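This document opens with one chain alone, in structure tokens, the form predicted on its own.
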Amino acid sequence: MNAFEYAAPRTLDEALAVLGEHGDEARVIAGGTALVTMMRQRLVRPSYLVSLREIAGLDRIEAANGGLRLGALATHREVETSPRVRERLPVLAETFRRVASVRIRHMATVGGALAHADPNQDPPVTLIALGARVEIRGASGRRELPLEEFFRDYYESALEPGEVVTGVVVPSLPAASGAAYVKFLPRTADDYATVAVAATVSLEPDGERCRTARIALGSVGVTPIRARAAEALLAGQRVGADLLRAAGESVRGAVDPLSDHRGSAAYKREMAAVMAGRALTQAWDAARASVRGTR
């Protein structure tokens, strides 16, 4: 690991000023789970590290317009165990619970993981299925993006030089909705998934027809992928096992996996269809249960 200087500003404006001063030589560090590993492997060699840890308020998990706002410095463990998250969006707490090991979850932060833009991570899949938006701050001001637009390429995000992730806003699910996250692990629980899928299904008042669905997949492309064609198959339709299976099968055309030690591209494509069908079935069952619970 090369030598570097370290700054720990106490306000976001100070952090942005330091990033602006040092340009490409500076890197933001939060939990450090990804950056420190890359520095040890000499994949990146920043001469200046700017810590966000001393900036008050960036770690808050709070209600926001009926949904949730996850501060960029909230750790995966804090999201996993938050009573507010468990009550309002239990699928999100469950997704964060399934990230790596508890040691990693105590260190890894929401914003740092998103900025790292690894397409094999768990949380972006569920966040995309839930319609989350990412908050970004830079010297020129604040902006928001739908999370599926934040990821541009392998380890490449929409962050411009000098910008940082400040939080993620996650809307609540509509009434008569269900959500699910499933993944297939090749070896151990702390490995990346071979395929991961999250789905949300919202029903019409009759409790039988799908009003809207959102499907997102991870580990099957250079970014997390939203399966819009599969979503379109479900919209407005009376849902049953055959339709859910067909929607799952249609994700084959959306994914573009790489062959690696977790499986060949062809195997991952087949698994994407299987796991998408499972996620949709679980989300559909949860949505129907919510309808029955209101009658």
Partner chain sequence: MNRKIRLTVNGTARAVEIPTYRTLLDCLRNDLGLTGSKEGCGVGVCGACTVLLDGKMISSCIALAVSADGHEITTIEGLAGDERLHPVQQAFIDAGGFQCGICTPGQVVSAKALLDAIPNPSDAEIREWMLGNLCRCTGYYKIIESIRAAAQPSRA
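In this text the structure is predicted, and so the values were computed from the model without any measurement. Residue numbers count along the first chain shown, from 1.
Heads up, the form predicted in complex with its partner chain isn't pictured, but that's what we're talking about next.
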Consider E54 of the chain shown here, and say whether it contacts its partner chain in the predicted complex, taking contact as heavy atoms within 4.5 Å.
-> yes
Give a yes/no on whether V291 approaches its partner chain to within 4.5 Å in the predicted complex, heavy atoms considered.
-> no
Is the gap between A26 and its partner chain in the predicted complex 4.5 Å or less for some heavy atom pair?
-> no
Does at least one non-hydrogen atom of I61 fall within 4.5 angstroms of its partner chain in the predicted complex?
-> no
Only one of 92-100, 109-117, 163-171, 206-214 sits within 4.5 Å of its partner chain in the predicted complex by heavy atom distance, namely 92-100
Would you mind picking the one in L185, I104, L159, V222 that has a heavy atom within 4.5 Å of its partner chain in the predicted complex?
-> I104
Any residue of 2-22 with a heavy atom within 4.5 Å of its partner chain in the predicted complex counts; write them all down in order.
-> N2, A3, F4, E5, Y6, A7
